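Quick heads-up: the C-alpha cells below are two forms of one chain, split into structure 1 and structure 2.
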Structure 1
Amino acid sequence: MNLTLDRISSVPLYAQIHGEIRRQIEADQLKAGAAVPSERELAEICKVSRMTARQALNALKNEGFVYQERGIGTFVAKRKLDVHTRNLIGFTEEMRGRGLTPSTKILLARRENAAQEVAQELGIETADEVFHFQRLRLADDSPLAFEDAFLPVKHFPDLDAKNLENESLYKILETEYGVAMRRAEEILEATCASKEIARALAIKPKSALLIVHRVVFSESNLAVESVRTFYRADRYRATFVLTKNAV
C-alpha cells in the first residue's frame, strides 16, 4: 500500500492516513474483502507511532469502511447501500440498477383484519382485511433487509396468489391491478434486531438496524401499502440532502 504523508501539513497524520485509505476504498483500488495493513504494519509503512495508526484504523472502522476479525486481521468492508434513493422504486429495481442480483424469500403471507394503526395508515376500517407479507430481501444471495408489509385486500384481490418471490410487487400492482405508485411518506428510525429478524438477516441479536416506515400512495392518492423495512446497518446508510430556505 502506497501512502504519502505531508508532515508539515496542519492535518493530523492519522487523518491523512485515514483519508488516503478511504479514498482508495471509494475509488475501488481496495476491493471489498481486501486485507488492510495491521496497526503495526501501518505504523511501519507510514513511519508513525502505533497510536497514530490505531487512530486511523479506528476512524475507518467507525465509518464502516473496514472491519476486524480477531486474530486474523483488518479487511475492507462491503460498500454500504443508501436507503434513500430519491426515487420511489422497489427493492428489485433498485438492486438491478446497482448491478446486483435481487431475490426474495416469503416468510409470511396471510390475510388478517387490519390493526388500528394499519387501518388508519391505509384509510380502511379495522374490520377490513389486509394482506400481511413478511419478506426477506437478498442481493447476490446476501440477506439485506426484512420487510413487514400490509396491503388492502379489497383493492388487490388474489394478490397472495401472485409470484411475489420472483416478481416486483410494485410491477404486479401496476400491470395487473392498474395501480401505479406516485409518492410515499417515510419515517426513519434506528433499532436493535430482535431474535426473529436477526435470524432471518444472519446477524447477531441486538445488532443495529435502520427502519424505514413507508406508506405508499398511488397516482389517485390511494394508500396502497404500509411497510416497515428493517435494513442491516452494516450494509446500509441513510443520506440526506439539505438546502437552506430563504428567510
Structure 2
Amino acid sequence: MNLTLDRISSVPLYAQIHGEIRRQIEADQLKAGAAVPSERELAEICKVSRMTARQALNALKNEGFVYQERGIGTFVAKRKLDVHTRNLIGFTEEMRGRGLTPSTKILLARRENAAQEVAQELGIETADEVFHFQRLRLADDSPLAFEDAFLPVKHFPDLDAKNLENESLYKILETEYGVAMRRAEEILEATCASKEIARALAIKPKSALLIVHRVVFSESNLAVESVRTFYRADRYRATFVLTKNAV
C-alpha cells in the first residue's frame, strides 16, 4: 500500500485516503477479498491518527466497497450484483460511470407559476415562478429517459439562458450559482408508458417504465429541484447499496 498525502491541500486527509483506496479498488489493484490495511496500520502508513484513518475506512464501508470484521480486519467486498454505487449524482455523471455517452435534447424550457404539488415539494408559494424543463435523455445516441423538472426561479436567475443541452445541470448550479447538492429523497415506481412518452422514447405504448421522482436539497437544505424521470425499463435499472446503522 503506497499512499502519499498532500497536507497543504484543502482536501481533508481522510478524504484523500478514502479516494486513493477507492481508486485502487475500482482499478482492481485491490481485488475482492483482499485485506485492506488495518486502521492502525493505515494510521501509521499515512502518519495520521487512528480516528482519521478510521473515518476513511468508514466511508468506504458505507459505500459498500469494504467490510470490516471485529478481531480480524478490513477487506475488499465482493460485488454480487452489478451495482454502480448510486450516489447523489446527475444523469451526465451516472451515464459516464456506466461507460455510456450521455446527450440531451431539450423539449421544453419555460417559466411558469408553480403548481401546488411542485410548490410544496420545493417549499415555495404557488405565486412563485419555477423553471419547467422537459428533456429527452439519450445514452449512446439512443433514447433512455424522459425528464420533467422544476426549479425555483428566485434562486437561479437566468438559468434558462445557460447551455443546458451540453452542460450538466448540477455542474451549472455549482459553478454558476455556488449551490452544491447534499441530499435527495427519491421515490421509485413502475408504470406503463403513455402514448406521448412512448413516442418520445421510441418504444411501444404500455411498455414498462421506471419512474424516479427525486427532490434534491442543497448544502443549506434548500429544495433545489423536483424532477420526475421516466426511464425505459428495457435499458435502465436503478441500483443501490443499503447498509444498516450508517454511523
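FYI, numbering is relative to structure 1, first residue = 1. These numbers come from a predicted model, not from an experiment. So that the term is clear: the rigid core is the largest set of C-alpha atoms that superpose within 1.5 Å between two forms.
Of the two forms shown, structure 2 is the one predicted together with the DNA, while structure 1 is not. The Cα position of Ala233 differs by less than 2 Å between the two structures after fitting on the rigid core. In this overlay on the rigid core, Gly33 has a C-alpha that sits 2 Å or more away from its partner position between the two structures. With the core superposed, Ala127 shows a C-alpha displacement below 2 Å between the two structures. In this core superposition, Glu63 moves its Cα by 26.5 Å between the two structures.
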